[in-house]
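Just one chain is shown here, as structure tokens, and it is the form predicted alone.
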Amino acid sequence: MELFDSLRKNKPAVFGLIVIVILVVVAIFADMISPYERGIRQNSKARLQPPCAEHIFGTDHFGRDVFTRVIHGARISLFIGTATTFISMFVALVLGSVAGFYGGIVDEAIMRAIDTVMCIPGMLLSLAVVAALGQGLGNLMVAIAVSSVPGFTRLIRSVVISIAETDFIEAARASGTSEFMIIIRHVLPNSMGPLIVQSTMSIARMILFAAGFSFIGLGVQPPAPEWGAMLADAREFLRRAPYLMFFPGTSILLASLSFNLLGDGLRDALDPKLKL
């Protein structure tokens, strides 16, 4: 309850939360909101129509309804952002908690491997993974998740190290609780605060990554209505039909900004030093 009270006082965070809720609702009920089938049905008689009563966002060069493609693109972008975040966070939870809790040789081995991966820029690493695995939604998600694991692992390790030295962990050890159960019952639940903040901001970065890969043709493939791919298709019609670039570009901006604003609000609400 205290968290929601603190979050409610942060107007940018409230704005971000409202936009996220709207995007989620639109993505879930996209088929019911628009009468056009997923925005992939072509209509040669309605090519490049500007926004009007029938097509409120206009149509593209194939006569497809842009509004339909944008709201179905929200479904794809939000799925990529949340799924890749949870995948990378799950892997990082295992690596970071083991490294931070056990320390010693295990910690050294895991963290030196993480340091090696972190020497490669995230975008370059993702490009290498996509080049090795091939194009497609599944490979794109794997590539983005791999590039995000090192950052999550370092964060989780630092949090686990601070928690592992507390008195209640020593009490759990003294009572005979196994180390595995200590990690599951005590360490991980008390590490959720920083992870929630980091994962919220990570979703925004994942959405931008996915849009960037689709823009250069290495992500979601046509005719799937993905925001980055829509921007790529709109480049040659920038002068004739600027709305083709405006609506998916604005969607990417709003989605990324909203998750970042919510993450900032959660950080402020969960950080005890900022409450003093």
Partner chain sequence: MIKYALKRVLLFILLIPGIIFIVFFIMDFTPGDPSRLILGERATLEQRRLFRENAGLDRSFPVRYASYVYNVVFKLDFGTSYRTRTPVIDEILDKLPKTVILALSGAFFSSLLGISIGILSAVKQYSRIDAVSTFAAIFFASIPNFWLGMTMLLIFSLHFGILPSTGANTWKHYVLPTAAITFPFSAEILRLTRSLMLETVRQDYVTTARAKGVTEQIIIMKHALRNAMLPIITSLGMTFGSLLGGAIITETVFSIPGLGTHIINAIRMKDTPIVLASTIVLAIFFSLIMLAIDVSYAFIDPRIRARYLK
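Just so we're clear, the structure is a prediction, and the values are computed from it rather than from any experiment. Residue numbers count along the first chain shown, from 1.
Although it is not shown, the form predicted in complex with the partner chain is what the next lines describe.
Colleague: Which pick from Q135, N190, T177, S162 sits with a heavy atom within 4.5 Å of the partner chain in the predicted bound form?
Modeller: Among Q135, N190, T177, S162, a heavy atom within 4.5 Å of the partner chain in the predicted bound form occurs only for Q135.
Colleague: Using heavy atoms only and a 4.5 Å cut-off, determine which of L238, C52, L48, I28 is in contact with the partner chain in the predicted bound form.
Modeller: If I apply the 4.5 Å criterion carefully, the residue I get is L238.
Colleague: Any chance M32, D65 and M141 all have a heavy atom within 4.5 Å of the partner chain in the predicted bound form?
Modeller: The answer is no; none of M32, D65 and M141 reaches the partner chain.
Colleague: Tell me, please, which stretch of 125-133, 162-170, 89-97, 180-188 lies within 4.5 angstroms of the partner chain in the predicted bound form when heavy atoms are compared?
Modeller: So the stretch in question is 125-133.
Colleague: Taking any heavy atom pair closer than or equal to 4.5 Å as contact, tell me whether L266 reaches the partner chain in the predicted bound form.
Modeller: Contact with the partner chain, no.
Colleague: Does A211 reach the partner chain in the predicted bound form if we count a contact as any heavy atom within 4.5 Å?
Modeller: Contact with the partner chain, yes.
Colleague: Taking the shortest heavy atom distance, is I120 within 4.5 Å of the partner chain in the predicted bound form?
Modeller: I120 belongs to the contact set for the partner chain.
Colleague: Examine I56 and determine whether its closest non-hydrogen atom to the partner chain in the predicted bound form is within 4.5 angstroms.
Modeller: Outside the cut-off, so no.
Colleague: Are there residues in 229-257 with a heavy atom within 4.5 Å of the partner chain in the predicted bound form, and which are they, in order?
Modeller: Contacts from 229-257: L231, A234, R235, L238, R239, P242, M245, F246, G249, T250, I252, L253, S256, L257.
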